[in-house]
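Encoded as structure tokens, the following chain is the form predicted alone, with no partner shown.
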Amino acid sequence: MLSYANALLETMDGGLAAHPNAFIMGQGVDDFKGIFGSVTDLAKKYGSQRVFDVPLMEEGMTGIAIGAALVGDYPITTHIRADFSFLAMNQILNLASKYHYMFGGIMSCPMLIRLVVGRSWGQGAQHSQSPQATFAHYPGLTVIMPATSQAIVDMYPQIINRHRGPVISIEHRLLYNLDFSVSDSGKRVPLTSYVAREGRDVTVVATSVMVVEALRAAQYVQEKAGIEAEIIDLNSISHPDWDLVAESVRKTGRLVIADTSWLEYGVAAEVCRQLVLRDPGLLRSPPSMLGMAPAPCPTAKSLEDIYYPSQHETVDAILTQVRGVGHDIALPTEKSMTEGYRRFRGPF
């Protein structure tokens, strides 16, 4: 078993050890808590020239990273809140994503940008947004949302080993303290999508922590109703395997989409667009969609609990797809998303 945070720490350590030109920069990377434990003590091990804190200068930090990438270094930048990356949008969207294209492939900008998303302790409207659809909208960026330690262990070394362009990795704060089984088998999590659980009755396409939620829900509906849900981890938001998704929906005829952000103009909408383009007759009924409520996130915990989709809603969406609205199957009493993550500990 390997925790999500320790998987990150291992891959960050391994990346710095294998690539002398790699470095980590960001607010708090040399703090004793080490960005949820993902870079703990790396500043001590590699020194302040390779792992270093920066002032509140998101755009400037990203500009420095881009310049370093263009001359052959490998920068890893971290944002302990994804919202902070909005201050660096000009650098990311107008520069990093476009250099390879604007210079006819001669120049490239390989770098890793780590963003932390998700709920906890009343983060509120400006510290809890999940902007994967925004970044995936721009060609030139690779956007991933690793849902397990296995995904981290498999993908991060590939990325740090000179993936051609900038990679945005979106990590959910509820995952850091969860333990996952990690295998050394030759089958690795790809930089695209994969089947996390096979099933025959309904397809659930999920991102990030909602993959874990979907797997928990699939176990519940199997035990309570004999329903076999197939779970697809979309994994790469910018480069999904749409043929894999279509093949699954062709088999099941039913679809639930579970994302960590808003549904409007987002990942869920893109899943539907891609399926309709391939075969508008794939679905036997309209899909169900789970995501954040269409409003800025509330700070009060009582409101935050109903703002995010819960296990209650995830199970109900799967049952409704297969059995209909009046399925009459008892739903989990768990209402808040965080009830299943009691081991979670905040960063500060």
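One-based numbering along the sequence shown. The structure presented is a predicted model; accordingly, all values stated were derived computationally and were not measured.
Unshown form predicted in complex with another copy of the chain; subsequent notes refer to it.
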* Structure fact -> Among Asp241, Asp154, Glu228, Asp83, just one has a heavy atom within 4.5 Å of another copy of the chain in the predicted bound form, namely Asp83
* Asked: Looking at Thr77, Gln129, Asn235, Ser149, which is the one with a non-hydrogen atom within 4.5 Å of another copy of the chain in the predicted bound form?
  -> Gln129
* Counting only heavy atoms and a 4.5 Å cutoff, which of 95-103, 211-219, 169-177, 193-201 contacts another copy of the chain in the predicted bound form? -> 95-103
* Asked: Does another copy of the chain get within 4.5 angstroms of any non-hydrogen atom of Lys224 in the predicted bound form?
  -> no
* Mark Gly37 yes when one of its heavy atoms lies within 4.5 Å of a heavy atom of another copy of the chain in the predicted bound form, and no otherwise. => no
* Wondering, does Pro309 line up within 4.5 Å of another copy of the chain in the predicted bound form on heavy atoms? -> no
* Asked: Is Glu264 close enough to touch another copy of the chain in the predicted bound form, meaning at least one heavy atom pair within 4.5 Å?
  -> yes
* Going by heavy atoms, what in 133-168 lies within 4.5 angstroms of another copy of the chain in the predicted bound form? -> Ala133, Thr134, Ala136, His137, Tyr138, Pro139
